[in-house]
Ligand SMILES: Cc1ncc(C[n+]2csc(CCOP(=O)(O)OP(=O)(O)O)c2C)c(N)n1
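This document opens with one chain alone, in structure tokens, the form predicted on its own.
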């Protein structure tokens, strides 16, 4: 049985407290009435005790954080073997189900991920986790939809049927799907100039996305945004910003609004490794840290900012190491492992919802395509590209599902065919939709 430890309501004149010190650590046995942590109010320091026997499983608020009365602080379970679930948002929105029993809490040091091997990733890297088969298959199909949408768009451009330009993300599907699967209704994402997979993963219909890329009035931005500006606020995605790092301060702003309005929602902010050397990144992460904003900063580290390798522009070994400069947790994750991304995002999201502030997630991944449609990517060694393709997140997860008896090769092939039919319909819808009228230039303008 799971028990949620909260900050007691300390009275009308004391509505919040600062966490001074955790007296127990995850995995420690505890007894009913035993102090778990010490908090500081404007009047006195005091201990918060456990009301149940068991084991401390998750610390939701790190030391130094200020939390409101009745805010979740920790999770206690009767045994060490059972899994535990982060608290649901205060707005009573359904929270995503957890997938692992985790001993390390959000906000505490997490061991660095192992270096990526230079060989095919075996399917058994995925440990059995308590996602339902329906959830696993749905997440796999969503990755297929991301990949096949990108591929279809690429071929439409080659055929000259689609205007504008594109920046694609084949190979990064586990990042988009793993993060967005951990979000709930009312949460928001901000994106980049490479936004297609974020939009698909967030659940924006591909008909709407395809129409936008065709610059039709039925598109998600009424044909005014195009490839680099897709989004739909009503579905939880702020229209993407093509300026590198431009969405990072917007994410902090949205998170501030959620905090002020007490909605219980969070923001997932996507950006690439190239954005981590610009001023808005440092400014936005810093302000989010000092104000404990409910935002998760998600760096999709695909190793290249345009054509420049990340090791040529920074001496910090890992992007996640930079979290320490702002006093927030940082975590490095295999971005091509769908369920590892999902688990890390769930943990970071739980901390953000609990008032513990932001987390910096570094998802190590790789884009198979060049920087843009006109970039062949010749600056990357062929051997490097091939080694990363052996870690294709979709192929890895398909092997895992087959090993687990949840999917057959024939079912996987049929699933791909279903996605192709869905994309056929989306293209027909887009090409049959009307062009925006000239007078539409005067609408949706704010000053």
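Because the structure is predicted, anything quoted here is derived from the model rather than measured. Positions refer to the first chain, counted from 1.
Not on display, but discussed next: the form predicted in complex with the ligand.
J.: Which one of these stretches, 331 to 339, 350 to 358, 253 to 261, 302 to 310, sits within 4.5 Å of the ligand in the predicted bound form when only heavy atoms are counted?
T.: Stretch with heavy atoms near the partner: 302 to 310.
J.: Heavy atom within 4.5 Å of the ligand in the predicted bound form: which of 290, 235, 316, 242?
T.: For this set of options, the contacting one is 242.
J.: Answer with one of 72, 226, 184, 274: the residue that has a non-hydrogen atom within 4.5 Å of the ligand in the predicted bound form.
T.: Of 72, 226, 184, 274, the residue with a heavy atom within 4.5 Å of the ligand in the predicted bound form is 274.
J.: Using the partner position in the predicted bound form, report whether residue 142 sits within 4.5 Å of the ligand, counting heavy atoms only.
T.: No, no contact at 4.5 Å.
J.: Please tell me whether any heavy atom belonging to residue 371 falls inside 4.5 Å of a heavy atom of the ligand, as the geometry stands in the predicted bound form.
T.: Residue 371: yes, in contact with the ligand in the predicted bound form.
J.: At 4.5 Å between heavy atoms, is residue 196 in contact with the ligand in the predicted bound form?
T.: Contact with the ligand, no.
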